[in-house]
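The chain below stands alone and is given in structure tokens; this is the form predicted alone.
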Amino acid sequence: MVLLEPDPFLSELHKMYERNKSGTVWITVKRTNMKPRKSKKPDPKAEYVCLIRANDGKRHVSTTVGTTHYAKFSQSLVIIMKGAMADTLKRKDKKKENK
């Protein structure tokens, strides 16, 4: 798994969607403070970050985003996801049945 900065992560995610037009891309978002597992005492000063992981079955990438940058990052993430799903989703027909 490759840990990238947020901007390269978004570009790699876009490439994953391009490679997998008919496939699946999994995205996982998890809140963590990135402390080692062996630590027994919780650090009250530890700031939580979001660990975002994406994989398409072949390639795994991840990034961490702090709370101050999460809003901007999530907007960019949603734009990429909507763009990738726009071609695959079917539109519902709004036909009314006359009885």
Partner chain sequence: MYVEDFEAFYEQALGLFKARPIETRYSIKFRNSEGKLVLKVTDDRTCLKYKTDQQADLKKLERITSIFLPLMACGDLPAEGASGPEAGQQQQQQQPASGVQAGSTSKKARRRG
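What you see is a predicted model; the values in this text were computed from it and never measured. Numbering follows the first chain given and starts at 1.
Below: the form predicted in complex with its partner chain, not depicted.
Participant: I'd like to check something about H60: if you look in the model of the complex, is any of its heavy atoms closer than or equal to 4.5 Å to a heavy atom of its partner chain?
Facilitator: Output for H60 is no: heavy atoms all beyond 4.5 Å of its partner chain.
Participant: If you check in the model of the complex, is S11 within 4.5 Å of its partner chain, heavy atoms only?
Facilitator: Heavy-atom contact with its partner chain at 4.5 Å: absent for S11.
Participant: Test of understanding: in the model of the complex, would K82 fall inside 4.5 Å of its partner chain by heavy atoms?
Facilitator: Residue-level check for K82: yes, a contact with its partner chain.
Participant: Closest heavy atom of K15 to its partner chain in the model of the complex, within 4.5 Å or not?
Facilitator: No, K15 stays farther than 4.5 Å from its partner chain in the model of the complex.
Participant: Just to make sure I understand: among 10-25, which residues lie within 4.5 Å of its partner chain in the model of the complex, judging by heavy atoms?
Facilitator: Y17, N20, K21, S22, G23, T24, V25 sit within 4.5 Å of the partner.
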